[in-house]
Ligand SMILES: Nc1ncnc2c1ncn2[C@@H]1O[C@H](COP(=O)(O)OP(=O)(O)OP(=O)(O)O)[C@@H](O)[C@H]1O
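Okay, so here's just one chain, in structure tokens, the form predicted alone.
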Amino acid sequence: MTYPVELRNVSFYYSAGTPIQVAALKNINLKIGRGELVGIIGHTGSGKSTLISHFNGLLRPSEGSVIIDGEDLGNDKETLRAARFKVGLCFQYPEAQLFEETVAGDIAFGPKNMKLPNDEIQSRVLKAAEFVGLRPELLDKSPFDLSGGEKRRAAIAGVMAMEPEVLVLDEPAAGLDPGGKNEILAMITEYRKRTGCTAVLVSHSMEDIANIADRVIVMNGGTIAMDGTVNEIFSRSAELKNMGLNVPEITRIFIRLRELGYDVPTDVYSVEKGAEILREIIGRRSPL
């Protein structure tokens, strides 16, 4: 069985072979299945961004192998090139990477590098722009004339236009207001639903990961410290806290309510869900 992303005994060292060598990844073994939406969390310096930079060969492992759709990225340049179209990687604050004269040009950059026919490129640009909610009249504008949220959407559209098998987003909601954050996360969820692609979301927000991920990977000290469902990971709140992480605040409230003797669930990860449960409890106790 092949996986969209597989890492075998991968280690990576910054400043390898020097006195200041640092092990950023330590013997990572990881398989990500087709169609999964995986959340990767961890404190700063835990190895999250280094890990995902291996998924399309931006970083090459110091030890071990990276296998994309059954092909080892170390085989040859052609395999590596193909992987960069199969795995679309969008870094934190991707709007800083916009550089073309027009928004349409930026979105078209990836498909052009894929050497697609012009009509296919234009079709993908329009489709990706529509999906992320960019109005057609914005496509001929300079990306630098867009608002911050529009720039973020344009950058993500550029990755989506390549129609990757694996969509990797590093802190896609960073710096956005709550409304913008929710829109971006809903967009990612809908894109994965429509295309069936594998999606990997790196975030420092436990709430964001809890709300959309099927599976959660916790990085700590360059290793995979935990790997499981949202419920499995967030039930280990004491271990997460020791790593400098924590479960969502609303979850902590419900855990505390349970400790105080209230019959409430503890697998509550969003304020909306918590409010719904409390309304139900209050409704049951209200006199007819």
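Note that the structure is predicted; figures quoted are calculated from it, not measured. Residue numbers here begin at 1 and follow the sequence given.
Separately, the form predicted in complex with this ligand exists; it is not shown, and the next lines address it.
Q: Quick one: does residue 46 come within 4.5 Å of this ligand in the model of the complex, counting heavy atoms only?
A: Judged by the heavy-atom cut-off of 4.5 Å, residue 46 is in contact with this ligand in the model of the complex.
Q: Do residue 204 and this ligand come within 4.5 Å of each other in the model of the complex, heavy atoms counted?
A: The answer is yes: residue 204 has a heavy atom within 4.5 Å of this ligand.
Q: I'd like to check something about residue 50: if you look in the model of the complex, is any of its heavy atoms closer than or equal to 4.5 Å to a heavy atom of this ligand?
A: Contact check for residue 50: yes, within 4.5 Å of this ligand in the model of the complex.
Q: Is there a heavy atom of residue 277 lying 4.5 Å or less from a heavy atom of this ligand in the model of the complex?
A: So residue 277 does not count as contacting this ligand.
Q: Given that this ligand is left out here, which of 92, 102, 211, 195 has a heavy atom within 4.5 Å of it in the model of the complex?
A: Of the candidates 92, 102, 211, 195, 92 is the one lying within 4.5 Å of this ligand in the model of the complex.
Q: Note which of 171, 150, 165, 71 lies within 4.5 Å of this ligand in the model of the complex, where distance is taken over heavy atoms; exactly one does.
A: Selected residue: 171.
Q: Among 36 to 44, 258 to 266, 60 to 68, 228 to 236, which stretch has residues whose heavy atoms lie within 4.5 Å of this ligand in the model of the complex?
A: Of the stretches listed, the one contacting the partner is 36 to 44.
Q: Hey, which residues along 10 to 28 are within 4.5 angstroms of this ligand in the model of the complex, non-hydrogen atoms only?
A: Going through 10 to 28 in order - heavy atoms within 4.5 Å of this ligand in the model of the complex - the hits are 14, 15, 22, 24.
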